[in-house]
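Below you'll find only one chain, the form predicted on its own, shown as structure tokens.
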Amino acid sequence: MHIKILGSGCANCHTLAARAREAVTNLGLDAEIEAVTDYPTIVGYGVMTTPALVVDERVVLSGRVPTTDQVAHLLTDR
């Protein structure tokens, strides 16, 4: 599984990344987590509000910071 956190590197982006790492650990998943801060790349995903969560090249969330449980649900409901 490949997870990308799209955003400028702000506090919300770091929080989303931490919650994604925690969800991956809790679920026992084998996943790579990558931060993407390049604006043209972010826009290329169609994301206009960050942070955003991309799982295996599919945007599953943008514009808010979910709880760890919500991230886990997004990772298992794909």
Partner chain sequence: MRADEPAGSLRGAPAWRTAARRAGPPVTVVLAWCAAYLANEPLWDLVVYDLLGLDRDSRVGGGIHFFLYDSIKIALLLAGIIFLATVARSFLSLERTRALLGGRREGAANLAAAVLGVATPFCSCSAVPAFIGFVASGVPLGVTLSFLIASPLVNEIAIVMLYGIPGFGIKIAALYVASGLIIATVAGFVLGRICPSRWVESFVFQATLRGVPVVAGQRLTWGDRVALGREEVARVLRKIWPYLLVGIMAGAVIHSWAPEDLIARWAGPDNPFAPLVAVLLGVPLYSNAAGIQPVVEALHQNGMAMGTLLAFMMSVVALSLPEMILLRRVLKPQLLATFAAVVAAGILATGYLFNAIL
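Residue numbers count along the first chain shown, from 1. All values derive from a computational prediction rather than experimental measurement.
Beyond the structure shown, there is the form predicted together with the partner chain, which is absent from this document and is the topic of what follows.
Although the partner is absent from this view, V59 contacts the partner chain in the predicted complex, with a non-hydrogen atom inside 4.5 angstroms. Contact annotation: P40 falls within 4.5 Å of the partner chain in the predicted complex, judged by heavy atom distances. The partner chain is not shown here, but in the predicted complex it comes within 4.5 Å of a heavy atom of S8.
Using a 4.5 angstroms threshold between heavy atoms, V55 stays clear of the partner chain in the predicted complex.
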